[in-house]
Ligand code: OGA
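In the block that follows, a single chain appears as structure tokens, in the form predicted alone.
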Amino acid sequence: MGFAARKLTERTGTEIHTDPATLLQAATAQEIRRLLQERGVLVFPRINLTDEQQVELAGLIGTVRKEGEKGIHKITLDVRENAQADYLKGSFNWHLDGTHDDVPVFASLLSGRRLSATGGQTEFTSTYAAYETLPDAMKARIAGLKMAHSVPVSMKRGGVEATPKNVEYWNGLPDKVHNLVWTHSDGRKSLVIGCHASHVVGIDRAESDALLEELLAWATQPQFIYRHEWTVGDMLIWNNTGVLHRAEPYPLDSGRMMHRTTLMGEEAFA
């Protein structure tokens, strides 16, 4: 089949047509990594990788995080298959994974195994493009600002039930503070925002809330977004350090099942 790539939108998302044998070659994996850093989201329609092939590909791109079963974490809201399903409601809001870590995960690979009859589409927006296109006055305004990221805030915004047990756990995780503008090792800059962003440190709370609302609205304009309509067998890879993502709501009992492999972080927030 070879290897063919085409842009899905101007600023983010590239669709790749290839076959598993080609994909699992070291040279191809390095091209995948290059495109991932450049384009943010890669789409492999109906590639139908096995779990083992998905983990193998991940290992060629980066370092696989130990989670789930041999690198495969099953993502479902069905409580019969996931006792922590309630927490995944937060994934319906725009977010970046790992804001409570010093070094967030680099990327994730996600394959569609079972789909919901309604909802469940996944959206991505480029935080690089969002920053790069900000007016100069806004860039100057937010330069040097620091953002507190809060687990209780993200859980409440996600509609996760505030049971006494949940609240006790959330409150045991202190806020994490990062620069609002992340200057990456290659010099590019991106915004560190999302549903977990609680407040800007050191400014009036009302001003902070208004600024965060303005920045999130800016970053999630249609011009920055790629929206994926899933087909069983599709695989997506996204650069977690350069995009926000969210799933569109779907029935909790729909049976939707996705298999995720995560790549360890390589660059600290800075």
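The first residue of the shown sequence is 1; numbering continues from there. In this text the structure is predicted, and so the values were computed from the model without any measurement.
Same protein, other form: the form predicted together with this ligand, not shown, and the subject of what follows.
Contact annotation: His95 falls within 4.5 Å of this ligand in the predicted bound form, judged by heavy atom distances. Under a 4.5 angstroms non-hydrogen atom cutoff, this ligand in the predicted bound form lacks Tyr226 among its neighbouring residues. Although the partner is absent here, Ser198 lies well away from this ligand in the predicted bound form, with no heavy atom inside 4.5 Å. Contact between Arg33 and this ligand in the predicted bound form is not found at the 4.5 Å heavy atom cutoff. Comment: 95-103 is the region of 137-145, 151-159, 95-103, 166-174 lying near this ligand in the predicted bound form, near meaning a non-hydrogen atom within 4.5 Å. Shown without its partner, this chain lists Val181, Ile72, Ile75, Ala130 as candidates; in the predicted bound form, only Ile75 has a non-hydrogen atom within 4.5 angstroms of this ligand. Remark: none of the three candidate residues (Thr18, Thr28 and Leu49) comes within 4.5 Å of this ligand in the predicted bound form, counting heavy atoms only.
Along 230-244, a non-hydrogen atom within 4.5 Å of this ligand in the predicted bound form is carried only by Trp238.
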